[in-house]
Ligand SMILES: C=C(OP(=O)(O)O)C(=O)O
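Below sits a lone chain in structure tokens, taken as the form predicted alone.
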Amino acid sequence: MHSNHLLLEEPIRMATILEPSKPNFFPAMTKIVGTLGPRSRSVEVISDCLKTGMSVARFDFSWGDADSHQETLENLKTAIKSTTKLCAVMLDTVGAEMQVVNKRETSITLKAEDKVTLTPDQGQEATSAVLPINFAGLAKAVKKGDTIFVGQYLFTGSETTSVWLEVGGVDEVKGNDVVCVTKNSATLAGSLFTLHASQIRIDLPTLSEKDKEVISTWGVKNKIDFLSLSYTRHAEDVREARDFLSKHGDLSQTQIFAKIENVEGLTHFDEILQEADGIILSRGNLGIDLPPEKVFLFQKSAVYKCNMAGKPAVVTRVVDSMTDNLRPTRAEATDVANAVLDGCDAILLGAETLRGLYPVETISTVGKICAEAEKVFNQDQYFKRTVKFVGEPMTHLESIASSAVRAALKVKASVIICFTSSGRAARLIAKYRPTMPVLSVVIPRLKTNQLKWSFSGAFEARQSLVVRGLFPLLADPRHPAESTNATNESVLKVALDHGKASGVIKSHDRVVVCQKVGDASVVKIIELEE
């Protein structure tokens, strides 16, 4: 995976493009978040998703009930055991999402220049003339000329399956109803239509009462690793969510990923990044809140800020067409590669795996594109830029992490092994984007709440599964994370055996090891024998 890395600034020989890609134990350094749903909930399909590269399973509570999601999760657990592939669990909240209520789930055809009324009266039936919605304050929030988008799950941008509406004049706002003019002809099909008012503040809570109920029941029961906080608009949204999680037992360890979906979240991005554990660039809604020519600028700027902060950046909506097709468009394939070259940690697949016809093929295709892009990722430039941004004097951990990566690059190590209890040291190493995998050996710690004893470590291991280049394994708690003797090799045995068994480490390879020895942190280089 790390060999023959090219720089994009160097000329790439055309002949190398035609060379077949070499298979790796790790499909790609970039992680893939797959949304599990109707087309991807059987043990067989989930197992194939794990084998082809999915490392985080997302459960989207915008649709389906807790029972159906629980059944899917139990299938995931079975698939994890049979494939021996670790997978984290992400709960995605509904948040401040406006929806069209289509109780009969019938298709609705809208014609250009016709009028349609948006009403909070959910007792009415959804038709081409009336669309009941779940928000009573829309009439007060919009004005003449405002744009509203409606589409299945999310506005797709396709003019045949999504519509955009223009709010009429003052006389067209009748009580809580809003009369709009349909600007294109389209047919809305399915059970869930999302409604998005462009660049308009919607007075709905970021963490709804339904979200709180789901988190405190389903989330607590399943000890979720990540909370995807939809429609994050301010840092205070993240703080409130963290406060809520802290009141629910083990969820105090759950990481919060802020989804940036509108201009308000973009405006407060820096403060949100400071509070959140990671960022999801939700380009579906954001792509219609921003002018099309501005979307790439936000992506590049946001990913850069996440990289420098050492926090995971997740990019969404990259291969929409694979929901119905076996191959992505040329533009989509390029989009995936550019997200990797920008520095993103993970690609999030939504409809493509939730209800798409080819969930496994989609994960496989995206993984292959990521792997190819990683080969030409300009690591040298990235490393220098990151070191410069961090500045001097570096913190102790930052210095050790950057030194470990520099040493691994210089000696062309096949892997970096990091022993950690919290996972922080391994994430810092991954922040410098080494070209080789980072094996994070998480050493469980025994802890107590004065009522019972338990081991920590499982959360820390799974939460590494969204970080680019970081591959965790949970060690036997009898192996100490710290060693009192720098020559004590027994602490390496778990990681080296795992690396050899998986084919990542071979005879005569060099391995860089980062571990604590007493009160000091040590970076050492090992050359393996036969």
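Start at 1 with the first residue shown and count on from there. Quick caveat: nothing in here was measured; it's all calculated off a predicted structure.
Not pictured, yet referred to below: the form predicted together with this ligand.
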With the cut-off set at 4.5 Å between non-hydrogen atoms, does Gly95 touch this ligand in the predicted complex?
no
| Can you check whether Lys431 is within 4.5 Å of this ligand in the predicted complex, heavy atom basis? | no
> Is there a non-hydrogen atom of Gly284 within 4.5 angstroms of a non-hydrogen atom of this ligand in the predicted complex?
Replying inline: yes
Contact test in the predicted complex: Asp48 vs this ligand, heavy atoms, 4.5 Å:
no
With the partner omitted here, the residue among Asn307, Thr254, Ser440, Thr316 that in the predicted complex has a heavy atom within 4.5 Å of this ligand is Thr316
Interface check vs this ligand in the predicted complex: of Asp237, Asp225, Glu261, Asp211, the one with a heavy atom inside 4.5 Å is Glu261
Given 130-138, 380-388, 276-284, 199-207, the stretch touching this ligand in the predicted complex at heavy atoms within 4.5 Å is 276-284
Residues in 53-71 that come within 4.5 Å of this ligand in the predicted complex by at least one heavy atom, in order, are Arg58, Asp60
